[in-house]
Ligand SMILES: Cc1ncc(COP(=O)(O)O)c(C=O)c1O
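Only one chain is given next, in structure tokens, and it is the form predicted on its own.
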């Protein structure tokens, strides 16, 4: 038995499900992958097998594993004792960097997981507007708190459908404050505002819908969200936990040319360390205690180690050569995989923007919403991932439908070509 499987089985005796997070079991191989070390764009499992990493910590490791700039920042902070639950100059430095870089940010707060960031943003929006209803979009993912863990009971594509919790244990009745509509439908958003405009505290949206692979909002849809929110005194929240820093330093809001009132930022912001951010207009953020009456606190908020790492990461993202390199690698990898699908007559489609991309099997047109993404052939995806892993390219799939994949900035053209050579062998097994 391999050490990976042996240690996974061992973990099952003490960890619930053998993992520290529900989605860490890779359904393509039937167990969690246990890695021993990582460097740049590569990881090695407990058996010593090397993989080119096209998961990259689900997007958290944008700079690459073990980036020297991140390590140096962390080591400097550790040498000072890394005092937890106190403020120091690193907090203001990171706040200034964020406010200089992301269009909507005038004031920020630090949290842990992205779930916390969206939870606090929604609470703040309700405090600021005095309203309770939240407009969300079908399939968009905003974390694991009870406010957002809901989905339509019936067919997809409905306006304000009956909702059901997507996990047991979710508090009943919260759905009365939620209005759900399909993504990329400005006409339906207009309809909802005409009916409920004076009740809506916020519209929350994945500004680029990476959690269904890679789905871009249309210009009309993005503009409608901003216009209708402004007209009705509603706050627009861009959930950029995943989209921030993917395609440009200012994130999806800079790329789309639409500035929300509040946003969340996570994953890559910490350079691989656990930190998330929420923030926005100064007048809204002043409602947070101690200035205002809306609570946000936590012992580990702004822990100095991830704050130091985040400062180093954002400085790296702001370097002039960073995004030209990201887009060049994206084009080489995406076009190369498309050619391999064509070569082996496999019905695969790539949709990519910046450092993340989606792979859709069995779909021959642009994926524009959740209903489109649900047509993806999940069984073929799992076969593809298993074959890729066997040939030394690591993708992750937890069996929930179309998911996002990605690369890190440490990846070079030679690494892309090596990955494509390995995937050539893997994709050949799918025909």
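Because the structure is a prediction, the values reported are computed rather than measured. Positions refer to the first chain, counted from 1.
Unshown form predicted in complex with the named molecule; subsequent notes refer to it.
When the named molecule is considered in the model of the complex, only one residue from 242, 236, 309, 222 comes within 4.5 Å through any heavy atom, namely 242. Here is the short version: of 351, 211, 111, 330, the single residue with a heavy atom within 4.5 Å of the named molecule in the model of the complex is 211. Judged by heavy atoms within 4.5 Å of the named molecule in the model of the complex, the contact stretch among the candidates 181 to 189, 120 to 128, 251 to 259, 141 to 149 is 141 to 149. The named molecule is not shown here, but in the model of the complex it comes within 4.5 Å of a heavy atom of residue 115. With a 4.5 Å cutoff on heavy atoms, residue 136 does not count as touching the named molecule in the model of the complex; it lies far away. Applying a 4.5 Å heavy atom cutoff to the named molecule in the model of the complex picks out 206 as the lone residue from 173 to 210.
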